[in-house]
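The data below hold one chain only, encoded as structure tokens and taken in the form predicted on its own.
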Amino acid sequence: MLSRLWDGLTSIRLALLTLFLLAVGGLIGTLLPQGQPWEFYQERFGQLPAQIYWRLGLHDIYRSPLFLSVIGLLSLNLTACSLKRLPEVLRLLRSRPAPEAYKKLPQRLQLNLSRQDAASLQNLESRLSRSLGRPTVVVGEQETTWHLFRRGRWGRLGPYLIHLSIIVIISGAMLGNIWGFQGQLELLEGETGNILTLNDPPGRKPLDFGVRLDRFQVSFYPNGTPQEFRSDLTFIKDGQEVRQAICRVNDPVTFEDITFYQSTYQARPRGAVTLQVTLDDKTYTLEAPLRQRLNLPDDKGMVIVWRLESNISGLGPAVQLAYRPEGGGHPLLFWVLADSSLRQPPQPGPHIFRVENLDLTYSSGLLVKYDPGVYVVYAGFILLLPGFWLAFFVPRQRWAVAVRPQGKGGYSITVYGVGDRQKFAFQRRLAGLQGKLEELA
């Protein structure tokens, strides 16, 4: 029973099954929403499908016990396969070529060497070494000298390097999954913070140091699209400023193995936005904090400063208002440019809004990530490259060259050989060897 279990654990069928299950899990994680609360799935799929979806962990498939069990089974399969077959491969690498096996190789070439002096024989051996590598020399019957060659034997280690690299990559990913974290840090200009808002699982995490946003800068294309935005950061440890750095998009900053990525930004008012409101022939001034509902004079509606932009369509700062006139209904959204000299977008009325004072600052959104397994993953991918090279690009060939002395002087040279794969590479080497030997003959 244990033997059958071991055979199943080391079978290629198990490897294909686990790869198929991982592909199915990746498809589920791609097509179905991940990381949403229970109410989202209940509303989207209904009560029973949502319960199945939730209990199987499909709402967070890449962290679910089912998906992690498949990864563990794949790692176990690769390890067992390597332990079963690697000792035999190492034995073959250490063993000397068996002359009887090489003598049975297919004959590929035969020619005669007219001279039988030591210099000619030494020249022959030199040409064979340059073409086929270092030989094992065996003297057989009738003074026949056999030169035995094994090329590409190290290619047998390629699959096991690939197995090892996959296990290393999985180990690094699990290391980062267990001990790593990822969260958001949002700072206003001049603000210092060290509390992260974690994404998955939700929560908060303090850092061992503080991060201060000294300055935030953003530049725009003529159409108002952000061209570049950056954060000038200062890292504070034990009350001392220990490092200053600039964090840009695609140019992260790392401090104490924690990496900060420039993710987002928002325009924010330093205080309340001053709005000028006109109705018929009356004009009022309102102090409107961001995202706070205000009733209009005489209770003739309400307005909310919903959103701010520092440069909208290349026209400068603007305020988006959520406005509901007297009589109810859904709030209406529209933009008001801070520069009153410009032509304003249409407003739904009857109130007319103008921006009297808008003092903008910025908040910078930083993605903060700590992954202790990232260098292990890098090592796995680096190890994968020689594994692929050995497995797929190093042809395994066996050659035997029999040198027989002739009675009238000279030698008879017979070349035997076989290539396990890459027949074109074998034929090309045979043609090169034939050219060298014909020059000598």
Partner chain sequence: MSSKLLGWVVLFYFIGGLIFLVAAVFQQRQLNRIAQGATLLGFGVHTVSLLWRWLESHQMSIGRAPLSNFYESLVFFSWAVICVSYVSFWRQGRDYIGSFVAFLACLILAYASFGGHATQIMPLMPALKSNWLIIHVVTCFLGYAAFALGFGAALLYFFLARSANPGAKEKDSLRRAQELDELIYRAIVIGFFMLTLGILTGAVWAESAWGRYWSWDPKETWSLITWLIYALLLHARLVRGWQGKRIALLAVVGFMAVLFTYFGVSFLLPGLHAYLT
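Numbering follows the first chain given and starts at 1. Take the two forms, find the largest set of C-alpha atoms that superpose within 1.5 Å, and that set is the rigid core. Keep in mind the model is a prediction, meaning the values are calculated, not measured.
What comes next is about the form predicted in complex with the partner chain, which is not displayed.
Q: Can any non-hydrogen atom of Y221 be found within 4.5 angstroms of the partner chain in the model of the complex?
A: Looking in the model of the complex, residue contacts with the partner chain include Y221, since a heavy atom lies within 4.5 Å.
Q: Is the gap between Y53 and the partner chain in the model of the complex 4.5 Å or less for some heavy atom pair?
A: No - in the model of the complex, heavy atoms of Y53 and the partner chain never come within 4.5 Å of each other.
Q: Taking any heavy atom pair closer than or equal to 4.5 Å as contact, tell me whether G365 reaches the partner chain in the model of the complex.
A: Output for G365 is no: heavy atoms all beyond 4.5 Å of the partner chain.
Q: Taking 4.5 angstroms as the cut-off for heavy atoms, does L48 touch the partner chain in the model of the complex?
A: Answer no; every heavy atom of L48 is more than 4.5 Å from the partner chain in the model of the complex.
Q: With the partner chain left out of view, which of N112, Q122, N250, S341 would have a heavy atom within 4.5 Å of it in the model of the complex?
A: Among N112, Q122, N250, S341, a heavy atom within 4.5 Å of the partner chain in the model of the complex occurs only for N250.
Q: Considering non-hydrogen atoms and a 4.5 Å limit, which listed residue (L308, L321, A173, I258) is close to the partner chain in the model of the complex?
A: By the 4.5 Å criterion, the partner-contacting residue is A173.
Q: Specify the contacting stretch among 158 to 166, 187 to 195, 142 to 150, 103 to 111, defined as having any heavy atom within 4.5 Å of the partner chain in the model of the complex.
A: Heavy atoms within 4.5 Å of the partner chain in the model of the complex occur in 158 to 166.
Q: Looking at the partner chain in the model of the complex, is some heavy atom of each of F67, P226 and F388 within 4.5 Å of it?
A: Yes: each residue has a heavy atom within 4.5 Å of the partner.
Q: Under the 4.5 Å heavy atom criterion, name the residues of 1 to 28 that approach the partner chain in the model of the complex, in sequence order.
A: In sequence order, I12, R13, L16, L19, F20, L22, A23, G26, L27 come within 4.5 Å of the partner.
Q: Once you overlay the rigid core, does the Cα of S412 travel 2 Å or further between this form and the one not shown?
A: No, its C-alpha moves less than 2 Å.
Q: Taking 2 Å as the cut-off, check whether the CA of I28 shifts that much or more between this form and the one not shown after a rigid core fit.
A: Shift at I28: 2 Å or more after core fit.
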